[in-house]
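Have a look below at one chain only, the form predicted alone, in structure tokens format.
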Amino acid sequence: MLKLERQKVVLQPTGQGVGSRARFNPGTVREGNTIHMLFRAVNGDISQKDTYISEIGYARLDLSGNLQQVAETPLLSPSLPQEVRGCEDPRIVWFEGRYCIFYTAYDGVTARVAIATTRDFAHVEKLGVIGLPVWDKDAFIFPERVAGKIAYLHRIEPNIQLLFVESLSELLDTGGPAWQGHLRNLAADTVMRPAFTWEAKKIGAGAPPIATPDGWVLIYHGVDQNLVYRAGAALLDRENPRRVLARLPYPILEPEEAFEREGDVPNVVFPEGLVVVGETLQVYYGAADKVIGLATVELPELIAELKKHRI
């Protein structure tokens, strides 16, 4: 079995600044020799729900995952009615000349997907919230168009679904024909379902996938009946990512270290950021809803292992 190799805790709360009590669930994207990281930041106590409201902070790393900067103010804070209880769990995609940020908008009742964009991680524009009347999250677009369309992966529990649209504005239009057709045919648009004991309760996409000649490498999370979160891997067809080419039957990362087993939510590893450096795949993940860890694997080794488990 292939397992990710843990490297270090990259970011943790210090008792002050953005995310003074918790810094976790990071999205990442590489720009040259810089890794931009957005992370879920909490200043309140989880035992006091009125104070436990998430913002999204910014950090900058080098290509070895060493912390270079943490911004003094959050990049995204609750301002829309759908996110009054928090902006959570960001994913980042460089797409057609700008960084697209997909995050969870939480109003205390329902989780929905929100979209924002930036070019410099200093100025950000919120585009809006995908207003489905259901719990929907773990979402992003692929980093390039597939067959000329934007491929949008999301999770209506317990499965992972894929929707194709022409534009981000069409993605936000849940009353339009693309979304209405998708919802009518949700089963047909489902890419992955829970298949193994370690992910029996639900699965969800992790980070935007990595394009390789063999297909899209997708790192995702699975949750078992005891609410333990683990990370898995799958390979999607490059031209038709609704087709799963291969999928590992076992997790590649699970809560084992103390910082993954003990925190605000115990027994959680939650991958949301991928960066390729040479042939090394860096996986940035939230641990126990408290800190951010880094684990790595050689990308050719992961693909070779996936090919042993073709579907």
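Throughout, we count residues from 1 along the sequence that is shown. This one's a predicted model, so the numbers in the text were calculated from it and none came from an experiment.
What comes next is about the form predicted together with a small molecule, which does not appear here.
Of the candidate stretches 189 to 197, 87 to 95, 235 to 243, 159 to 167, only 87 to 95 has residues with heavy atoms within 4.5 Å of the small molecule in the predicted bound form. Although the partner is absent here, Leu248 sits far enough away that none of its heavy atoms falls within 4.5 Å of the small molecule in the predicted bound form. Looking at Val265, you'd find a heavy atom of it within 4.5 angstroms of the small molecule in the predicted bound form. When contacts are judged by a 4.5 Å heavy atom cut-off, Tyr229 counts as touching the small molecule in the predicted bound form. Taking non-hydrogen atoms only, Lys137 approaches the small molecule to within 4.5 angstroms in the predicted bound form.
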